[in-house]
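Have a look below at one chain only, the form predicted on its own, in structure tokens format.
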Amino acid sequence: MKKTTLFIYLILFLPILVLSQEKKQTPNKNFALAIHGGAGTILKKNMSTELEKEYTDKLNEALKKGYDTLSKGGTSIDAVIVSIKILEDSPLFNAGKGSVFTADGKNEMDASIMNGKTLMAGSVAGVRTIKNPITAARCVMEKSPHVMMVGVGAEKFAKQCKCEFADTSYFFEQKRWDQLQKIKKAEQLQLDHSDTTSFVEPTDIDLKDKKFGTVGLVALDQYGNLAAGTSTGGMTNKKFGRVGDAPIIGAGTYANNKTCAVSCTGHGEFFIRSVVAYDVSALMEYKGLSLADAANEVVMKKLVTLGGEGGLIAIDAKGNITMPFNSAGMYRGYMKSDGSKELLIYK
């Protein structure tokens, strides 16, 4: 009697159990991603039609590559890597090949990445010969017990991970070199007409083409997992081994499946002091704010009060996206699985 009952139970309920298990393993078709290529004094009157097309084409390429990765079942981490690599390989953006020069005439790059599912993160700072710093950041996250590595040590570890390297000459861009000379000249003029010999921050000099060309991507994959990544060449004419917010988890990059994924761009010192990326997440988690309200609270109120300029891109677990900024412009865009897409530059 017991055997008969068990047999009937298996016949009736086993298919339901199997289908239930399959349903758990089936990816959710809701996915999305957002991208940024820097914020700052980006005005249409200073942009030629040709240059604007170059920027939009490259951002579209990176966005499409990340979208294709997600649509084929790739993870949010994979999407962050493939998209940011495209921007790092372009001289248009202040990351990788397009990195700006330090006061010593060198390129020093920073990058970070974070996994919203595990809260694991990795970053590198002050690296000079890693072709795609974002790949080194992933190696730190996945293949080391650490979160951040800097300089020579980071490069040594990246070699062990078989990251691609390039000679320092690969990163030389005449446009970036000319920007350094322009800032140095303006800085010297300012010192010449001042009674003080104190250090002058380059950001105090009002230049028409001042912008923060950091790049970043946030993504939600079909499995419901969030990720964020950011990469930068830092600040033109930066001195004394300065490091900004991009490689600092919680300041320039943050991801948590419970709340959101964030990538920032702007004057790094203010983003560090305000712990901007984490602050957006914290406002959502502890105060129950929506993604848009939390991001606006931080970018349009808190940063503005402190005098910080820039913006961020953020995405939550439902695929909602926000891209606030308090500067004149920000290269930004998004794509969603429902077919919606937008790419913008100006305010």
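Quick caveat: nothing in here was measured; it's all calculated off a predicted structure. Numbering starts at 1 and runs along the sequence shown.
One more form of this protein exists, namely the form predicted in complex with a small molecule; it is left out here, but the text below deals with it.
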Looking at the small molecule in the predicted bound form, is some heavy atom of each of K53, L59 and S83 within 4.5 Å of it?
-> no
Consider H267 of the chain shown here, and say whether it contacts the small molecule in the predicted bound form, taking contact as heavy atoms within 4.5 Å.
-> yes
Contact between S99 and the small molecule in the predicted bound form at 4.5 Å, heavy atoms?
-> no
Interface membership of R242, the small molecule in the predicted bound form, 4.5 Å heavy atom rule = yes
Answer with yes or no whether G234 is in contact with the small molecule in the predicted bound form, where contact means some heavy atom within 4.5 Å.
-> yes
Of S263, S76, S112, T214, the one that lies within 4.5 Å of the small molecule in the predicted bound form (heavy atoms) = T214
Stretch from 115 to 123, 234 to 242, 178 to 186, 138 to 146 whose residues place a heavy atom within 4.5 Å of the small molecule in the predicted bound form = 234 to 242
